[in-house]
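Only one chain is included here, represented as structure tokens and corresponding to the form predicted on its own.
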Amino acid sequence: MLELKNIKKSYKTGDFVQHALKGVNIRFRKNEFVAILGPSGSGKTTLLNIIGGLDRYDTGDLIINDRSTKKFKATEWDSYRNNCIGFIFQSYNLISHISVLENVEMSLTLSGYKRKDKRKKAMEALDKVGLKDHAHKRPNQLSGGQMQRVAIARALVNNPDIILADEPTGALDSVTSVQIMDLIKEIAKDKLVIMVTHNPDLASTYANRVIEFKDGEMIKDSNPIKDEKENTGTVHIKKTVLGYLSALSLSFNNIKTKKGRTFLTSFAASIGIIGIALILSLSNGFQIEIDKFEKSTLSQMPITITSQAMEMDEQAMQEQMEKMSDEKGKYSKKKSVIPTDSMMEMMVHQNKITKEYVNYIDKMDQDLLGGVSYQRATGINMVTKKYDNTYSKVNTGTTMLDMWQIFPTRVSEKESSVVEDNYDVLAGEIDSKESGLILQVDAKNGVNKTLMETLGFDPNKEVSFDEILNKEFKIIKNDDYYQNYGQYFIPSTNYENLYENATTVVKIQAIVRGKEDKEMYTNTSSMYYTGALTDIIMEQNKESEIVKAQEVSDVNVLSGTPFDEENPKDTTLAYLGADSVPVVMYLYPKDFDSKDKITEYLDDYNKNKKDEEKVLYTDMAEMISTLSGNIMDAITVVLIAFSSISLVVSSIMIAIITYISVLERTKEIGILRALGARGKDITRVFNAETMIIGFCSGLLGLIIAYLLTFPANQIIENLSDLPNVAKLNPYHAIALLIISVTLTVLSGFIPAKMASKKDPVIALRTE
């Protein structure tokens, strides 16, 4: 079963070499009680450590089951200690922060026993040594004799082939010593027991074989094995492993003994998590508010298609910027001026809106649209009777202040349109199929004075809804509005005559106001006209060939070419027919999802087309939402980067704390190694400890961050009237918890590795 062949072992300290064993040869029987007797320094403890696999011999061979151990790997030695060896130490070597029962279970845990089985076997072992009733006590609650009995139970529980006892009664009184020795002698009936002692009386009284050592050599053997064929039995070796749950349990029990330090460590490590969690909570909350605002105000902001569009493609813009950057600083030596394209010219794209394109738009899924409007190249010649009984032309578009807009046409009777989604009708009724006007008021029913006067009302008085709805406006034909003065046609200023002779009458159909949750529509007043009115005007003027004179002041309203005195006919006003191609198209999506599908549909038109044939569009909602999103992301990243500094500091602190824990638990490391724990199992124990600390710090950080959101929300609400802004996304919380655990495990990895490399013999001597 076990044989030592010419075993030699030396220890070197500087230039001094101590020869602990000098060529020892011993064979052992399967069942016998062997006492290794000798004075201190004779090499007996070194022999015991080599037999137990705690220490390695320099030369010679340890034979186990006729198998040489010269080429044993570290894991094989670990398995050998766990399955074949049971240690009984003079100083008991119990793990103080776990119960008596858990101490006894430890070697079974390393052997891979299930919880139910190892609990049963451990209780049976404690029962054999008379400590069943003390199973749930801590070691420090027992007497010295009781602790040694626990050590014996631990040595026996895994049913090892060999029991190694190192001065088992050295720390006990005489009465207790006798009890322990009687117990060990009973064990030796069916096991090999090797006991190291310096007491010859103890050796002769209990052992049936006494081997005496002196100066590292065996000088006497009272019962040597003489028959080479004598059966010495077999030793059974199987792999050991400390599971993750067991490692967590062991570390958790250790942490429980240092609650104060663990809390302070977790709190310090959680500061970075608190900062990042708060930043993410605020960022998430503000982004939710921004998204709400965008959905309420931008979701139905029209996609605009005009004769000119800006090239907003990021890659194209980047290429242009790089081109300009490359040319910067390259000075020409030519004596001439070179025309170049401006940045604006390079970014502007000329759209050609053809009938083919309009037909393509008409084929779009109408359920995606909340409204649509086509603006034609026409102006509106309109006059009205004013509040003071004078007459005036209604200005419909000379300045941004009073620019009138075409009202979106409802595209589906079944689906809610942009009108119903964004406006409340305060008076009248909207019918986009009828020619008419629509007045939009702001949240307080206000309309700017300039617009009120333009409509013919007293700008200093309130006007009732009924008065506004009954107000008449008359459309003037081009041929009537422009008077022929020889070569030129000049607008008439006889508004009374124009008004009285005009036959096309329109009224304000409805008064609307933006819905309360649509802030974009509630803070402004505007004037709209229906597409049907545009059709009537174009029908009236489609035969007109009036040439506008040079003196016409509002030439920008009318669509035409620059005035040419020599060829005035070339300046003919371009009033198009009802079937003419629009110059501006507004597509109002029902919602953000519909908007994305509409833009995909528009992009499909441009596939495989030349640049000059492409029709580009302006998606202002996308530009605004992307800009706001990018700004929020940038702010969040910068703030998180600053908060992450504390994570780095906490990682260093965790590494230091783990290293201190390794120093504190050095003896525990030695005990675990003696029980057969592998180096990687020791690493796992300390990784488990850092994992627990990381989890605690992450959880503590999230709890504190959550509690801080309440005062933060109160402050934000007082400053901005936005309630409950700070909201931590559950996914962010999970991610931060994972980050906290990962960082602490990584921080403690080096100290954990250091722990696994500790010499078990030296570790066991640590106090």
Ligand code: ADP
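One-based numbering along the sequence shown. Bear in mind the structure is a predicted one, so any value in this text is a computation, not a measurement.
The form predicted together with this ligand is left out here; the points below concern that form.
Heavy atoms within 4.5 Å of this ligand in the model of the complex map, among the stretches 696-704, 65-73, 713-721, 34-42, onto 34-42 alone. Between this ligand and the residues 743, 24, 20, 755, the one pair within 4.5 Å by heavy atoms in the model of the complex involves 20. Within 4.5 angstroms of this ligand in the model of the complex, the stretch 1-16 places a non-hydrogen atom from each of 11, 13, taken in sequence order.
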